[in-house]
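Only one chain is shown below, in structure tokens, and it's the form predicted alone.
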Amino acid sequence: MRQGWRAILEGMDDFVVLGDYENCQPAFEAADIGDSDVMLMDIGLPGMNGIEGVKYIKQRYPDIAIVMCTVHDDDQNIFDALCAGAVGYLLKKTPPDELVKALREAANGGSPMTPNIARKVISTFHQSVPAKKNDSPDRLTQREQEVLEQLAGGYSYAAIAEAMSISLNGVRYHIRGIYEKLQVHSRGEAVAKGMKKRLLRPLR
């Protein structure tokens, strides 16, 4: 499957494949790993698993957008992958054209997810309860909550700006507030922590 993905991506004019590896260790040792814009990562790998691999990469190369592509669709793996810093989560049965689309989306600031994975993430927000007025300092404003919901839905900054009728700078301003209050450094961490702390108001 890995070789098949490589062949597909190498056939695209806007992709350059720097390498493919059967586990984390040889990938970490690759001289050009830091040149990557986007990385696909499985979870069930020999040696270090993919979630630990994401943590390792994000600590050293925070600008690489990592998309999980795995057979695991349980809540815990999804949550752990987002907490580790993954920006997207696909299942291996994703068709090739959807895979290519997802990687382009990740490179452009989006959070691609297989539809049933996105439903699992968003269903968590349905179960969330509003924070009380005198809650802790990590309570989000209404606009920050709306932006976080859009991030969890996998939308790019540009799509969020259009949906909320605000500028890109406005989106970035709210995201900075979210990151500061939740003490996180990435979209995936923000969504995961928002899920864990149940800070978001229920969706309608």
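The model shown is predicted, which means the values in this text are computed figures rather than measured ones. For clarity, a rigid core is taken as the largest C-alpha set superposing within 1.5 Å between two forms. The first residue of the sequence shown is number 1, and the count goes up from there.
This protein has a second form, the form predicted in complex with the DNA, left out of what is shown; the following refers to that one.
Interface segment, criterion being heavy atoms within 4.5 Å of the DNA in the predicted complex, picked from 22 to 30, 64 to 72, 49 to 57, 152 to 160: It is 152 to 160 that comes within 4.5 Å of the partner.
Every residue in 92, 116 and 119 with a non-hydrogen atom within 4.5 Å of the DNA in the predicted complex? Heavy-atom distance to the DNA in the predicted complex: none of the three under 4.5 Å.
Neighbours of the DNA in the predicted complex among 164 to 181 [non-hydrogen atom within 4.5 angstroms]: If the 4.5 Å heavy-atom criterion is applied to the DNA in the predicted complex, 164 to 181 yields 166, 167, 169, 170, 172, 173, 174, 175, 176, 179.
On a core-based superposition, does residue 163 travel 2 Å or more at its Cα between the shown form and the other one? Shift at residue 163: 2 Å or more after core fit.
Would you say residue 147 moves between the shown form and the other one, meaning its CA shifts by 2 Å or more once the core is fitted? True for residue 147: a C-alpha shift of 2 Å or more.
Once the core is aligned, please say if the CA of residue 184 is shifted by at least 2 angstroms between the shown form and the other one. The answer is yes, as the C-alpha of residue 184 shifts between the shown form and the other one by 2 Å or more after core alignment.
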